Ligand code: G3I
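Quick setup: one chain, the form predicted on its own, written in C-alpha cells, and binding and motion questions come after.
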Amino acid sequence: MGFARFCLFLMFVSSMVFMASCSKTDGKKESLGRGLKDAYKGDFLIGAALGRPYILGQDSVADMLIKKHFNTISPENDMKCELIHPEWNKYYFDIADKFVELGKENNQFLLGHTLVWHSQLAPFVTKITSADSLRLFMKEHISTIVGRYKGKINAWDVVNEALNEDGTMRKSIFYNLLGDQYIIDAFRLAQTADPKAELYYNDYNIEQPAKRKGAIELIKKIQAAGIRIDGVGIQGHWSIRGLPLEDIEQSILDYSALGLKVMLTELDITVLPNPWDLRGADVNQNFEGSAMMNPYPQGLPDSMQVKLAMEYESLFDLLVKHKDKVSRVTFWGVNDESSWLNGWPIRGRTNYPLLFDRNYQPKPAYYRVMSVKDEEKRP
C-alpha cells in the first residue's frame, strides 16, 4: 500500500467508524451493494460458521446477511459429538436438520463439522476403555450421521485437530486406544457412508513448519492406505500482531502439491492480547476481569481498525494470488458479537475479529477485503 493510498485509507476508516457509531441509534442495518460471495465468485467459496440462533433463524437481519454474503456454511457446535450424539443409542438431529434446510433454502455448500475430535465428546465416549468399544462407537457415529445426510451435506471435517504443535500425534482417547489407525478408519467409514461427499482433515497452526510436516505425513498415510482425502483445512485463528503470511503461502503450495483442496476453515483475527505471550501466564487464575487483557470494552480504536483492515487485505491478496489452489474461506462466526473469541481464552472479553460489527455493519476490514477484487480488475 503506497503512502498516498494509505492516507486516503485512513480518511476512509475515520468516516466509516463515524458512520458505524451513528448507525447504532438506528438499530441493525444490512449493508448495501454486492456481497462477499459475489466479489469472490470464480475464486473460492466464502463461508461462515453458524451458531444455533442463526441456524434457527432467530435474527432476521443476520438471516439477510448470511444469505447475501456467504455461499457456504458450517455448524459451529451443533454437529459435535456431545450435542448430536450424547448417549450410545441417542441422537439429536433437530438442529442439524435445520442447518441442512437452511443451506438448501439458500443454495449454499454445506460443511459437516466434525466427526472425530478429542474435544466436546459426549461423556459416555470419554469413559470407553477398550479398543473394540471405541471402534464400535466410531462406526456407529460416522455411519449414522453421514448416512443421514448422504447427498445433502457436501463435505465433512472427518478428523479434527489430531496433531500436537511439534507435528506428533496428539495423545487423545482415539490415539491411546487405536493408534494413528483411527484416522484411516474414520476416513474409510465416512467414504463408505457417503461416497460423493468431500472428506477433509482440519487443524490449527498447520501452516507452521513443524506441525505442517506432521500434517503432510498424516495425509500421506491416508493416501497410502488407498483411502480418499479431498482437502485440508487450515483453521486460521490468527492475531492482529502479525499474520504468518510466508508460512501460509508455503502451506498452500505444500498441501496443494499432495493433490488436495486447501481451505481456511475457521478464520478470525483477534485484536486482543494473548495471555500465553506472558511468561508463566495462567489464563484462568490471573487474567479474568483484567483491564490489561480486555483493552477495548467500549469499542475498537480507529488505529486498530486500520491495522485489522490491513491484515485482512494482506491475507486476501495472498489467497487471490493462489486462487487456483484455495477452494474455500470460512469465517468462524457471522459478526463480532457471535465470535467465540469473546470468551476464549479468557471469559468476558470484548473482541473484534471479524468483518461485521455487533450491529451487523461492515467494518473497514470488510471494505479492504472487497477492495482486493476491485484492485485486481484495474489495469
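Predicted model, so just to flag it, every value in this text is computed and none were measured. A residue's number is simply how far along the shown sequence it sits, counting from 1.
Not pictured, yet referred to below: the form predicted in complex with the named molecule.
- Selected contact from S256, Q108, T270, Q235, since only one has a non-hydrogen atom within 4.5 angstroms of the named molecule in the model of the complex: Only one option qualifies, and that one is Q235.
- Item | Contact assignment for the named molecule in the model of the complex, among N89, T126, S119, Q298, heavy atom within 4.5 Å | Filtering the options by heavy-atom distance leaves S119.
- in the model of the complex, does N160 have a heavy atom within 4.5 Å of the named molecule? It does: once the named molecule is placed as it appears in the model of the complex, N160 has a heavy atom within 4.5 Å of it.
- Item | Contact flag, N77 vs the named molecule in the model of the complex, heavy atom cut 4.5 Å | Residue-level check for N77: yes, a contact with the named molecule.
- Query: Does E266 reach the named molecule in the model of the complex, with heavy atoms at most 4.5 Å apart?
  - Reply: Within the cut-off, so yes.
- Query: Are any of the heavy atoms in Y40 no more than 4.5 Å from a heavy atom of the named molecule in the model of the complex?
  - Reply: Looking in the model of the complex, residue contacts with the named molecule do not include Y40, since no heavy atom lies within 4.5 Å.
- Query: If contact means any heavy atom within 4.5 Å, which of 109-117, 214-222, 299-307, 145-153 contacts the named molecule in the model of the complex?
  - Reply: It is 109-117 that comes within 4.5 Å of the partner.
- For the heavy atom contacts within 4.5 Å of the named molecule in the model of the complex, list the residues of 318-332 involved, in sequence order. Just W332.
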